[in-house]
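Taking the form predicted on its own, here's one chain by itself in structure tokens.
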Amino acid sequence: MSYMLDEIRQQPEVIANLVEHNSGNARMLAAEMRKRDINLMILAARGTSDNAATFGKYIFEMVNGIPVALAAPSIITLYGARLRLDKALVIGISQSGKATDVVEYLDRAKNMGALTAAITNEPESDLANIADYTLLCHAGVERGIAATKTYTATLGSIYMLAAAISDRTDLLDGLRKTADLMQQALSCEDRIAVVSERYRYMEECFIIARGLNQGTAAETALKMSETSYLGAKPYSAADFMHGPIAVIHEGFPCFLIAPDGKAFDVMIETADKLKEKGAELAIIANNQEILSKATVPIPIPVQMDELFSPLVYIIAGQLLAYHLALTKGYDPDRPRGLSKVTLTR
């Protein structure tokens, strides 16, 4: 079996395991945040980890009321800026713990007075060794070049820290239940395998979401780009209306990620406008109202709280990337020009 497919299927177990192993570290970090009166969070990451950080911005601000900035590492690593970080928690996110600029950013932030934390799958990595606190993904060895289970494990770690900061045991209970919902979502694979045949010759597409699933759109686009060499571009449904919609012409493929929740009405409006322009609409959703607008509906057989939907809906995105690569004759385990660890500064 492909490493990528195997690791996609491991994700429900990874999340269930994470809840049992990471809550203690999350509580200790949250206690230190309260002790130091932390009022700002900065998330430093690249690639897949940066897509997880995008989700982190939403959840920490929504659940904890703490402003969150997504770091531009070059501000420190290339331009040498000094920041006032004595009231900030800086979290470096890297599955390998080896992302050079993330490691350097965390190290320098610590020297500038920040409380620091790492989210990583490697306990002995440079990132973990620098950080004051470490939240481990506990995902096991990830052999696939295109990260899958470490992405959802990173999301799980973010949920757990958000729960610890506000002492929200309901979030932990929700995370446990979501592991079962992820298992149910895997049943959409057969449908996605069939759908992928339709897009054998696709060279570009848009992936559109809103709110909590903006990171899901970005990660789906990244996985499709990595494994099928597409020009897959993610957009917020709001940003999309400010210009990119002009690109749409008859048959242009657009993939919409549209779980029920506060962002659903916006996605309905987006689907209607795209349909008016003749776009090819592939819609990933549970709600029949929006699925009925799709050229290609991709039903997710799970009703759930929008808050946890990024863990479920990314499974459809990962499976789409995997099966599309196979349809195009590519090996998703060996994307050309890529390695498991990418070093940038």
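Numbering starts at 1 and follows the sequence shown. Computed from a predicted model, the values in this text were never measured in an experiment.
Although not depicted, the form predicted together with a further copy of the same chain is the subject of the following passage.
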Only one of V68, A30, A279, I298 gets a heavy atom within 4.5 Å of a further copy of the same chain in the predicted bound form. Which one? V68
Of the options L136, I245, L115, A162, which one has a non-hydrogen atom that comes within 4.5 Å of a further copy of the same chain in the predicted bound form? I245
When a further copy of the same chain is placed as it is in the predicted bound form, are Y58, I75 and L230 each within 4.5 Å of it, taking any non-hydrogen atom of the residue? yes
Tell me, please, which stretch of 190 to 198, 154 to 162, 168 to 176, 265 to 273 lies within 4.5 angstroms of a further copy of the same chain in the predicted bound form when heavy atoms are compared? 265 to 273
Contact between D132 and a further copy of the same chain in the predicted bound form at 4.5 Å, heavy atoms? no
Using 4.5 Å between non-hydrogen atoms, is E124 touching a further copy of the same chain in the predicted bound form? no
If we define contact as a non-hydrogen atom of the residue within 4.5 angstroms of the partner, is G211 a contact of a further copy of the same chain in the predicted bound form? yes
Taking any heavy atom pair closer than or equal to 4.5 Å as contact, tell me whether E306 reaches a further copy of the same chain in the predicted bound form. yes
So which bits of 157 to 189 sit within 4.5 Å of a further copy of the same chain in the predicted bound form, heavy atoms only? none
